[in-house]
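Below, in structure tokens: the form predicted on its own, a single chain.
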Amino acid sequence: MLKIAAYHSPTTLIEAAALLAEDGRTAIAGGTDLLVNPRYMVGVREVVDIRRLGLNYIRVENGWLYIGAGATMRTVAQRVELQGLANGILARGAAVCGSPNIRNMATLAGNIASALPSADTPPALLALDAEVVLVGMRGERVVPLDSFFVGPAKSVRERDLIRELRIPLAGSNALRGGFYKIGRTAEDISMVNAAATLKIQDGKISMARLVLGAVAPVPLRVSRAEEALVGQAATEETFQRVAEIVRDEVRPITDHRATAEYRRRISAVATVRALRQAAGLATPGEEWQHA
């Protein structure tokens, strides 16, 4: 049983970093993972609330989109800047992360910090080449998100605090995106999710990113599928061929939500539907994500 002995509410990043340097402490913003995430159940005695650090922001500056660690899923889902980025790929992921009450409290940074393979927003962020800005007693460091996750509920963050996430905007006007989630219900965590970004010139795909969640120990960027997409026409036939590659590449597990074989099969479905969205080929029934 979780027993919290102390609550801290720092007002500066330096103070927060010093607090988190001690064993037995964890940062919270919305706090929605505190009771349901098993990694918090062992060794956590104190919480460090970061809501007074002034990190509730989303801004565009010098060719980057910055999302502070205090920005909630609801804010991410509704901000115009994110709805317009690659067909709203990240906004879509945030919009199906839990219930409305959860989205009002949960933060995008918290979804990344928990490092769960089934999290809804890491695939979209990876497809957008996002970076994580960490702050700790050693100072500030920037980690590409594709180097951040190291295993289920494990990352390179250690005791550092996520200050913000940042997304490069160079060339983003030509970027098309898609996100598709398959879950038991609209509010349940993903059995499989998929995010794709494409650049299409003269009907041919010139750049592709394809990332799946809940099919491997960490969000899985399917490089072989990306290579198969480049140079090909953005058609249903191409996407179905790529889906077979994805089916071979994923490494799902069996749990109480789905078997490994079922996840393998629906990973192909999620892939095709995300790619259709990115290519502007989705039917109205495929524009949103839960099954």
Partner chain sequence: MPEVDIALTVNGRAVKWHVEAGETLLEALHAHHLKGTKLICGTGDCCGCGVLLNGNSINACCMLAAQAEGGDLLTIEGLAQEGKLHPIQEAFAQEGAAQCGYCTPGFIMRACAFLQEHPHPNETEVRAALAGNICRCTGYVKPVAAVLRAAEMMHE
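Positions refer to the first chain, counted from 1. Computed from a predicted model, the values in this text were never measured in an experiment.
Not pictured, yet referred to below: the form predicted in complex with its partner chain.
For the residues A228, L55, L65, V47, the 4.5 Å heavy atom test against its partner chain in the model of the complex is passed only by V47.
Of the listed positions (G203, G171, P100, G151), a single one reaches within 4.5 angstroms of its partner chain by any non-hydrogen atom in the model of the complex, namely P100.
Within 4.5 Å of any heavy atom of its partner chain in the model of the complex lies no heavy atom of E158. Residue contact with its partner chain in the model of the complex: V60 places no heavy atom within 4.5 Å of it.
When contacts are judged by a 4.5 Å heavy atom cut-off, V36 counts as touching its partner chain in the model of the complex. Contact check for S147: every heavy atom lies farther than 4.5 Å from its partner chain in the model of the complex.
Candidate site formed by V76, D129 and K199: none of these residues places a non-hydrogen atom within 4.5 angstroms of its partner chain in the model of the complex.
Considering its partner chain in the model of the complex, the lone stretch of 115-123, 100-108, 129-137, 216-224 in range is 100-108 [heavy atom distance within 4.5 Å].
Contacts between 166-188 and its partner chain, taken as any heavy atom within 4.5 Å in the model of the complex, involve only E187.
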